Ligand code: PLP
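Let's start with one chain on its own, the form predicted alone, as structure tokens.
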């Protein structure tokens, strides 16, 4: 097969300037093994240090999950929720609700996190309409990422060039967020912004990603989250918790909301629900919201996806969750995440390139200072470090020019954590010799 850069044009990659990508970092993966090492078309092996994209939570080539998927294919290979419900979807929804102590009552299945976002916004808007609201403003938090479709872009606002897509963000509002180390005064200012929006606008919901992956894994302070929750409840504003990246053990709990002791009215999920073995996402809803859409054609939610609630996807999710629970992967994520964070701080924290290393569970980030590679001003430290690490056998994800995400599989061992830290130490040592401060 042709793996040339010219052939690479046939697959339009995500969030890529294809010309730069093909010239500088084009790589074709062909295999992966049970030890979570990818092999590329040139035979290079690389440890998956980012769980594909924070979704391969139980790791690759899990025989038990593959057998469950294969069995489902032979029993009921395909159906749609447009015409019927299937037994796997019923069992999956029941299990997902039980994971939250039955706080949530029903599940609307999608195929991805972006679809879950769009679905959640539609639920919020029609629910608000049926409650008699004249407007339905939606609040999100600066720095949060909720997907890449047009609806998610409205929520992300500053993360996107919405005007380039003629994407009108009227009715969508953002507030500042504090960092984990913010003092009470800064937290109070952020909460005051929210209260002012509620006072001056008709707000239907607030969307919250509690540990913000694409904001350098910013861990929101507990007092801020609880303050947002209490203000929302007091004012009848729906709380939508985004657990797409943080769910299913990634942060050391089954869901990040458990760190804060809250549950939303809606919860978005995807990624780790099947560990990437089958595309799936969804929105969990409390009973009050779910029942508002029953009792007449004028109340129905005009939403659906041909393969939403796919029986094979639901079988994958059920087996994946069984493995996560049985093998205590949330607990291992907490323990190994703390260990890896410590190792990264020990090995990299003294580098003048590194600004901060932080995270929760196995959702970590390395934030770099404002340096550029000599002769390559268009690239940030994280971009070049990604290529250096891949050449040394470690596949990571640069979430921006100055932010590197480290998020290995949840059953990682200490030895594998040590290997990640050692590779990054050596690669950053090489980078230190070929950088300069960016011109201001």
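Residue numbers count along the first chain shown, from 1. It should be emphasised that the depicted structure is a prediction, and the values quoted were computed from it without experimental measurement.
The same protein also exists as the form predicted together with the named molecule; that form is not shown, yet it is the one meant from here on.
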query: Listed residue that, although the named molecule is not shown, lies within 4.5 Å of it in the predicted bound form (heavy atoms), from 155, 329, 266, 213; finding: 213
query: Answer option from 218, 114, 93, 72, heavy atom within 4.5 Å of the named molecule in the predicted bound form; finding: 114
query: Partner-proximal stretch of 299 to 307, 205 to 213, 73 to 81, 232 to 240 relative to the named molecule in the predicted bound form, 4.5 angstroms, heavy atom; finding: 205 to 213
query: 4.5 Å heavy atom contact, residue 146 to the named molecule in the predicted bound form; finding: yes
query: Residue contact check: residue 228 to the named molecule in the predicted bound form, 4.5 Å heavy atom; finding: no
query: is_contact(residue 245, the named molecule) in the predicted bound form, heavy atom dist at most 4.5 Å; finding: yes
query: Any non-hydrogen atom of residue 271 within 4.5 angstroms of the named molecule in the predicted bound form; finding: yes
